[in-house]
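Encoded as structure tokens, the following chain is the form predicted alone, with no partner shown.
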Amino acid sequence: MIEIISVIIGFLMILFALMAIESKKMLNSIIFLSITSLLSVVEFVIMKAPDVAITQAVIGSGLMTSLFVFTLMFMKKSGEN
């Protein structure tokens, strides 16, 4: 049962990564990358690596997503001048 869930999560990760690449809007790409990162957190928990999962949740999902959003906000502000 765990293997089936792991395969489904892996498939979803590939799907969201492709959606992030093919998305026309930057904000949608950031959201899809964040979802991919969150799915990898679940995958790490399934693989019984909680320390890696916590690190991925903090850095990959939280910090990187906020960094991308702030960068996108600064890009829009500088484009208004």
Partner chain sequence: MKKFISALLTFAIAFFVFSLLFESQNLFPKYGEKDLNSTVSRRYVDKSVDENRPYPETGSANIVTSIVVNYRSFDTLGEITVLFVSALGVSLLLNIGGERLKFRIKPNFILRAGVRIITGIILIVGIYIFIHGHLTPGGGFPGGAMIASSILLMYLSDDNFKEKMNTFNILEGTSGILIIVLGLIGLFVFNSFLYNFLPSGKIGELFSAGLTPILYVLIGLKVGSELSNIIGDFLSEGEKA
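Quick caveat, the model's predicted, so the values are computed rather than measured. Residue numbers count along the first chain shown, from 1.
One more form of this protein, predicted together with its partner chain, exists but is not displayed; see below.
- Among residues of the shown chain, L27 is not one whose heavy atoms approach its partner chain to within 4.5 Å in the predicted bound form.
- At a distance threshold of 4.5 angstroms between non-hydrogen atoms, M75 is in contact with its partner chain in the predicted bound form.
- Though the partner is left out of this view, I46 does reach within 4.5 Å of its partner chain in the predicted bound form, counting heavy atoms only.
- Using a 4.5 angstroms limit between non-hydrogen atoms, F11 is distant from its partner chain in the predicted bound form.
- Heavy atoms closer than or equal to 4.5 Å to its partner chain in the predicted bound form belong, across 31-62, to the residues I46, M47, K48, P50, D51, I54, T55, V58, I59, ordered by sequence position.
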